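Take a look at this one chain, the form predicted on its own, written out in structure tokens.
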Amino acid sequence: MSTTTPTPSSSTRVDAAAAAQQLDAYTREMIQWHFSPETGSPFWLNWAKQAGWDPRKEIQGFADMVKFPHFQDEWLRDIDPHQWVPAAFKGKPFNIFETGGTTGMPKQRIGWNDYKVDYEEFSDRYGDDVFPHGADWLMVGPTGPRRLRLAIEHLANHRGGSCYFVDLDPRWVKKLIAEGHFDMARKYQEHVIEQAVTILKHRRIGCMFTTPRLLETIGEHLSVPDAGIKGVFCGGTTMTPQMTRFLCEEVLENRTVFVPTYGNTLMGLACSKPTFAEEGYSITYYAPQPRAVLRIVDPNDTTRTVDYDTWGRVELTTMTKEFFMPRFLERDEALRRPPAPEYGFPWDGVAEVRPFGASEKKIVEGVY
């Protein structure tokens, strides 16, 4: 099991160059896979015919990905999931994972093993001082059709433990808040927290996944460290530096390790640089490159990345054999941060992620 902080690299420059070469080679491999009739999906094979150009010839490295238009999330709402099945996976039953939305048809991503790969890689970054091997987990968050439910259970099992669940429906919470039913939203949250606290009091739980707002509320009912929690894997709603400091110092009492992440069904899991406390509690996240790549782009010219420590919109490209999604514009904005090869991240990071346009308008986030 690895230590909490990955071993520093011997050469920053070599690592960054090697990562760039790996990404280019991986990009070519994935383009060949998804646009070859023997392995590609009906959607992308048909798309290439209609587009009138062959990505296998024109995409020679990741920089060439700007030749693709932005991936449209409506495709995941409107198109039959079977159109996304790569020929190499034909006949293999798939998982259907839902993501996003308050009403109407949610986006749906299909998959087989990607979530296991993502969470095993995440697991390998942390030692027993954070997530003790053999400890049982509690997940307080959306289960049902969400990828997260299977992923957290796999993470627990991968580390030798089992997982308890307390479900919440984020679509219902967001709908209540949007319609002004704040009292009902509060009661629903209390209902979720009651279940979580009961399990924490009566079962031997060593690790937990939840969202920042739910973690804060759990901390109002009991001492998380005294409940036996060694590490909290946290993700979901926006985590400002002020909120992060509060969670670490007040809720977790600087005794339980706080592991913030940025992730979703379409990307996987972006890990955080472990030195956020020393950096004013500003969290920088790094995508699981090369399977997923994050760029912080100029909203007015998305072919261009912004300067470091500058706000821009988050653009996500996901490339696995199961799923190809080029240049998807997330509904998030963030600061672009430089690589951190000394922590195993020789590529750009994204920091202080928040909903796109958050500085100009009020955003409804709910509890997840």
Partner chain sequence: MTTIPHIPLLRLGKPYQSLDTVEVRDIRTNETLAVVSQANAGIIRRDARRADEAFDALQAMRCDELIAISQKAADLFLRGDLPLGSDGVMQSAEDYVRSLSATSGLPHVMVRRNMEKIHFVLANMKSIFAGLTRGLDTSAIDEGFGEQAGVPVSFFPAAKQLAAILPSNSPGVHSLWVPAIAMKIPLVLKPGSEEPWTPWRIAQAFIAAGCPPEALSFYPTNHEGSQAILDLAGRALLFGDRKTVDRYRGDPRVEVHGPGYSKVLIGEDEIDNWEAHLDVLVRSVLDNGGRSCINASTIVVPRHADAIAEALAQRLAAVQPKPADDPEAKLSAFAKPAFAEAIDASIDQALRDTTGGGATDVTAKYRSGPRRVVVDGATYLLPTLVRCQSFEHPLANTEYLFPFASVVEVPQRDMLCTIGPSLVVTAITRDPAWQRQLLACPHIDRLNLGPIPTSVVQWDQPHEGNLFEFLYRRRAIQMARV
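Quick caveat, the model's predicted, so the values are computed rather than measured. Numbering follows the first chain given and starts at 1.
One more form of this protein, predicted in complex with the partner chain, exists but is not displayed; see below.
The stretch from 198 to 206, 106 to 114, 72 to 80, 280 to 288 that comes within 4.5 Å of the partner chain in the predicted complex, counting heavy atoms only, is 280 to 288.
Contact here is defined as any heavy atom lying within 4.5 Å of the partner chain in the predicted complex, and by that definition not a single one of 28, 58 and 62 is a contact residue. Taking 226, 250, 129, 190 one by one, only a single residue has any non-hydrogen atom within 4.5 Å of the partner chain in the predicted complex, and it is 250.
Note on the partner interface in the predicted complex: the residue among 254, 275, 242, 162 having a heavy atom within 4.5 angstroms of the partner chain is 242. Taking non-hydrogen atoms only, residue 219 approaches the partner chain to within 4.5 angstroms in the predicted complex. Among residues of the shown chain, residue 94 is not one whose heavy atoms approach the partner chain to within 4.5 Å in the predicted complex. For the chain shown alone, residue 246 is a contact residue for the partner chain in the predicted complex, at least one non-hydrogen atom being within 4.5 angstroms. Using a 4.5 angstroms threshold between heavy atoms, residue 186 counts as touching the partner chain in the predicted complex.
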